[in-house]
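Below you'll find only one chain, the form predicted on its own, shown as structure tokens.
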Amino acid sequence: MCFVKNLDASLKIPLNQLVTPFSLEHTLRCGQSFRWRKLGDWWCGVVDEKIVKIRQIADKLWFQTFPEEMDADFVKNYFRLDDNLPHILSQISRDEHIRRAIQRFSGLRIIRQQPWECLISYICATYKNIPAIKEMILNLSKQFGTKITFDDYDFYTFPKPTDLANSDIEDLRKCKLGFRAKRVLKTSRIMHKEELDLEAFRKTDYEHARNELLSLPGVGPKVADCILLFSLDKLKAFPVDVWMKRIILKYYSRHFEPLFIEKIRNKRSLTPREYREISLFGQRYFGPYAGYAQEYLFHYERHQPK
């Protein structure tokens, strides 16, 4: 089983919580990634076709990877332990609302996900809650990925662009994708033909990368910002969903024209222009690390009493 009392077989990463604060629990429970599950005391997930089994005990991370044994740099890169989190949090700590979120979820970090998987995951995330998104991603991986058995559990690698590009639309619908099936198929065919290089966007500016992503089927402003933030190092990206709209109305409405606030208050979805106005506010107000502010506020608000 994935619960192991003996840590001798695991590799260790020491953490200085003053210099490199980190909370594995907050990071993996905040809704940014859909491929992790808690099994006993361990978190288990699939990252770049490898099973990662990890737990945190105080100021130490213990981990194993399978079938290929990866070193600590692999884990540090994925969990962005290279981010200067104390500096980032000092920059975004602009008001009492964000300060409460930071205090409650100290150590939450943005994950550096694999861009292709992040792209398809957030296309699937449109108008769906987190459990439903996880189910779709698992179904896709079971149907088109490769099974890896580790510690008596079955895991599945995420399908490559080729796997999905050559799939049948009905097989995609069987994964409970609904209307997203066509979008996933079209985008997969574009990526299979190498018409877009996602990794190259790490080196381009935010606006250019965003505009390129918006050309893909199923990628709207929110999906593009999620991909940029969670996989392409664009920490200024400020995704806006129903939770963030609620946060803006609740805590930050004084920063907008009253007419704008009244207009969006009674709407279920935002127009591209309305989305852009809120997203740009987040970037201006919180600065170059606005994405971190978004994730802390998002996670905090989801834990507030109804």
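Numbers for residues come from their place in the sequence shown, where the first is 1. This is a predicted model, so every value here is computed, not measured.
One more form of this protein, predicted together with the DNA, exists but is not displayed; see below.
Engineer: Partner absent here, but in the model of the complex, which of 212-220, 67-75, 154-162, 86-94 has residues with a heavy atom within 4.5 Å of the DNA?
Structural biologist: So the stretch in question is 212-220.
Engineer: Select from the listed residues R80, R189, K236, K128 the one whose heavy atoms reach within 4.5 Å of the DNA in the model of the complex.
Structural biologist: Only one option qualifies, and that one is K128.
Engineer: So which of V242, L39, I57, I261 reaches within 4.5 angstroms of the DNA in the model of the complex, heavy atom to heavy atom?
Structural biologist: In short, V242.
Engineer: Though only this chain appears here, would R183 touch the DNA in the model of the complex if you measure heavy atom gaps against 4.5 Å?
Structural biologist: Yes, contact at 4.5 Å.
Engineer: Any chance T271 has a heavy atom within 4.5 Å of the DNA in the model of the complex?
Structural biologist: Looking in the model of the complex, residue contacts with the DNA include T271, since a heavy atom lies within 4.5 Å.
Engineer: State yes or no: in the model of the complex, is some non-hydrogen atom of R104 no more than 4.5 angstroms from a non-hydrogen atom of the DNA?
Structural biologist: Flag for R104 set to no.
Engineer: Since only the chain is shown here, I'm wondering whether K193 would be in contact with the DNA in the model of the complex (any heavy atom pair within 4.5 Å).
Structural biologist: The answer is no: K193 has no heavy atom within 4.5 Å of the DNA.
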